[in-house]
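Taking the form predicted on its own, here's one chain by itself in structure tokens.
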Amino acid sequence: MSSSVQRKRIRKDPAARRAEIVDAAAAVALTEGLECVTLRRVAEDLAVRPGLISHYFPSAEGLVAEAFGSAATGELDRLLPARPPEDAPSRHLARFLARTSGEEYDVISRLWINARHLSRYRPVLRDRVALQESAWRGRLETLVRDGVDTGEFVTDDPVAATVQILVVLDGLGAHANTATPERPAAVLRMPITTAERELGLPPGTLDRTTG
């Protein structure tokens, strides 16, 4: 008498499956660009049928926007997490600015360049870019206001100070796709210089990232 054991197929929870799809798409976006995020490509990476991907994302546009949003949110949480109550605002800001240089930061800068370019033609992505820009401004503005409240920062306009810091960071990040010669130290330090000037801090305050 012969018998066979049928392999039981495990069905993933819909929320877990969707998160898995978005994570895979975000990985493609970061390494190869948003243009490479397609339903078929993500299905291949996850070894599933394309129909499964389209069940959660009927169009590639939605998946591209989610991929960018996931990657950008993850980077924001890594670079500028919510400030612990015991951490001084100036120290928290110094750590953030110290993280915004080098190849790892260039990767996310390339993604932002990519997303802003494509968003000209893709309304769903354009809305997500605007949402992520608002999240970045909100997170940094909260930190600036915390510093004003504790007396560490001095500014009459926290919003303007926040935007100026982000504009400088964006300007340097715009060169992530170009093989530029070694930049002068003063140029690389521009985000720190801008933050210290706009927040009424003595020069060198934001160079201290330890402690």
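Numbering starts at 1 and follows the sequence shown. All values reported here derive from a predicted model rather than from experimental measurement.
Omitted here: the form predicted together with a further copy of the same chain. The next part is about that form.
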Would residue 133 count as touching a further copy of the same chain in the model of the complex under a 4.5 Å heavy atom rule?
yes
If we define contact as a non-hydrogen atom of the residue within 4.5 angstroms of the partner, is residue 148 a contact of a further copy of the same chain in the model of the complex?
no
Using heavy atoms and a 4.5 Å limit, would one call residue 98 a contact residue for a further copy of the same chain in the model of the complex?
no
Using 4.5 Å between non-hydrogen atoms, is residue 190 touching a further copy of the same chain in the model of the complex?
yes
In this chain shown alone, the residue from 46, 154, 52, 163 with a heavy atom within 4.5 Å of a further copy of the same chain in the model of the complex is 163
Residue among 144, 65, 29, 42 with a heavy atom within 4.5 Å of a further copy of the same chain in the model of the complex
29
For the stretch 111-149, which residues lie within 4.5 Å of a further copy of the same chain in the model of the complex by non-hydrogen atom distance?
113, 114, 116, 117, 119, 120, 121, 126, 129, 133, 137
